[in-house]
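In the form predicted on its own, a lone chain appears below as structure tokens.
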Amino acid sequence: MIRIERSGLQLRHGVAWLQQQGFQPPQLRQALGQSLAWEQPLVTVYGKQHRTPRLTCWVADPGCTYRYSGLQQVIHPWTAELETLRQLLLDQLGVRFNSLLLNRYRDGADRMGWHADDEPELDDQAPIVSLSLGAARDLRFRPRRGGDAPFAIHLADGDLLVMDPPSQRHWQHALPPRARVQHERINLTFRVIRPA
């Protein structure tokens, strides 16, 4: 994996990681698109309600609770494909992830604004692992307070990105809109939720 380090930021980028594990990204993306319960929830931003500019699904072990953007997430069960991916990550990273947030970007208009994955339910000592399927997009990074310059990582079909601690404490990331992107991207973000 390619290491990317800045002050307070530690990333590992596995190019074509999924293909190296013997998966075919198009088939996995199609299976997830058909088998999961995708939602487009309402979120409140500055006192106004809006539909999220993407589809989402949250998969987790029983007993996990997670809120983001003011929404309590409904638990969906792990599918066979997702269980296999979780086991691969355990074998390679030594971390057992108990939850997975999936975001489905239907085209370049769907996006994710600046944020850090730092909700209180998340174990801040565990990495957050992002797997990209489908259209290549740039994930932007910026420091929370001055210092290093913002930058982007180009994430292609099958790429894995490991965001190690304490990255979420010091940096934010975003997936900006891209008018020229016409195809779908599904992003899987594996996380560790603290026990309730």
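What you see is a predicted model; the values in this text were computed from it and never measured. Start at 1 and count along the sequence shown; that's the residue number.
This next part talks about the form predicted in complex with a small molecule, which is not shown.
Not one of L85, L93 and F97 is positioned with any heavy atom within 4.5 Å of the small molecule in the predicted bound form.
Proximity to the small molecule in the predicted bound form, taken as a non-hydrogen atom within 4.5 angstroms, holds for one residue of L36, L28, L155, V59, which is L155. Using a 4.5 angstroms limit between non-hydrogen atoms, I75 is distant from the small molecule in the predicted bound form. In the predicted bound form, the small molecule sits within 4.5 Å of a heavy atom of L101. The small molecule is not drawn, but in the predicted bound form it has a heavy atom within 4.5 Å of D117. Interface residue remark: A126 is not counted as part of the site for the small molecule in the predicted bound form, having no heavy atom within 4.5 Å.
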